[in-house]
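Single chain ahead, by itself, as structure tokens, in the form predicted on its own.
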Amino acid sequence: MRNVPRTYLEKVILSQQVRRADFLRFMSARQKKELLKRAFYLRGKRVVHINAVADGGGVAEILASLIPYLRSLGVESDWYFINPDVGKKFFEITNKIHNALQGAPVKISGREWAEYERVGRLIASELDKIDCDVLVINDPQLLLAGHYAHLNKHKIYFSHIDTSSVFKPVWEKILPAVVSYHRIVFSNRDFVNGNLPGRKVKIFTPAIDPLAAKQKIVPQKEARLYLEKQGGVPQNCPLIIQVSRFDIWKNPMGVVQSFRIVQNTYPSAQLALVGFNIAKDNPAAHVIYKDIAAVAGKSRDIFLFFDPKGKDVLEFTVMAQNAADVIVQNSTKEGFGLVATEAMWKRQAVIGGPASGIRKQIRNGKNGFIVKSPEEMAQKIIFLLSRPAKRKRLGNSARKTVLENFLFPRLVLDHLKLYRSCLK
């Protein structure tokens, strides 16, 4: 007998509050003026965001900051996510859809499509009970639900993934739902599928919240001591780290291959893959983790962090980003890659994979490196390990890039403009 959740949506209760003065200092005088003007127009309006999970992944992190920022500006805002009791099967189906939208040739049965639609309609009935002026749906887990709900409301669909080379049989099934939204937002112009009406498409470059605890900078020595105590990672060895979910598109296997090459030059080097499994919408992570664990075997120089039990995930992640000698983000597909942005803010020279989202941030040789193969990644890791002064210069340039382009106050202004355009 199927377990039926009491509700399909749960509201995120945010205790965090921010003050305008704390984030306005990151904006120019012109930007401040425009931000406050846009916020004034939206006073008394209510914006509701919906996504799959409350913890884990870049979307949840964005919303955890966005909602308090909007509230501080007088815009009524709430955030709901899918009750995990909706069941593993639903998330397995939406994970397939997610992969298909990024080009994977995935087979979805008629029964699976029926389940996706059934849950979508049930969630839609709950959405209809949530009063709002603008409804914002994030990613395909809730695409159908938003499509069916609030037929007379202004609705926005945020696609945080690359749909430029979709698997057509799946794309054609969901395309009518996508185009039903008043606005369709991508993080990258390159991700926009050619079938979408250009007048509805908007591009929002993601950003990190400089006020968030995750952006804390600590001395490397302190961070290395923490990793040794909490994760058993030796303090005094060259340390390469990737912070990412265990996901096929993050290509952790390629990182392991690169690391083995690096060890020919730096035999004492250590690798840590930090991908704590806290998001409930990615059941495939277990499979990827097991594959990596099998390849790593009993190696004492590769550390895999998957089970969050007994660890403060946020603190561990912050310390890992500060502890690394070299940060890699080996993504082949990436909506944007906020973990790369976070590392760059911490003055790390990041070596990124070929994903378009990573290439939007890293200017090859100027503030980090872009690579296309394990061999090339290994070469750049060795280059950075052997040139600490160059590493520092690239890291300083990386921080400046984030300061000028990828901080949260600018993203909030983008959102205010978007809501206003709908309500006109």
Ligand code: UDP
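Because the structure is predicted, anything quoted here is derived from the model rather than measured. All residue numbers refer to positions in the sequence shown, first residue = 1.
There is another form of this protein, the form predicted together with this ligand, and it is not shown here; the text below is about that form.
Interface residue remark: Phe276 is counted as part of the site for this ligand in the model of the complex, having a heavy atom within 4.5 Å. Of the heavy atoms in Ser244, some are within 4.5 Å of this ligand in the model of the complex. At the 4.5 Å threshold, heavy atoms of Glu342 reach this ligand in the model of the complex. This ligand is not shown here, and in the model of the complex it never comes within 4.5 Å of any heavy atom of Pro252. Of the residues given (Gln270, Gln141, Ser159, Gln321), Gln321 alone sits with a heavy atom within 4.5 Å of this ligand in the model of the complex. Of the residues Thr163, Thr205, Asn99, Thr317, just one reaches this ligand in the model of the complex with a heavy atom at 4.5 Å or closer; this is Thr317. Comparing 252-260, 179-187, 193-201, 309-317 against this ligand in the model of the complex, the single stretch with non-hydrogen atoms within 4.5 angstroms of it is 309-317. Along 195-230, a non-hydrogen atom within 4.5 Å of this ligand in the model of the complex is carried only by Lys214.
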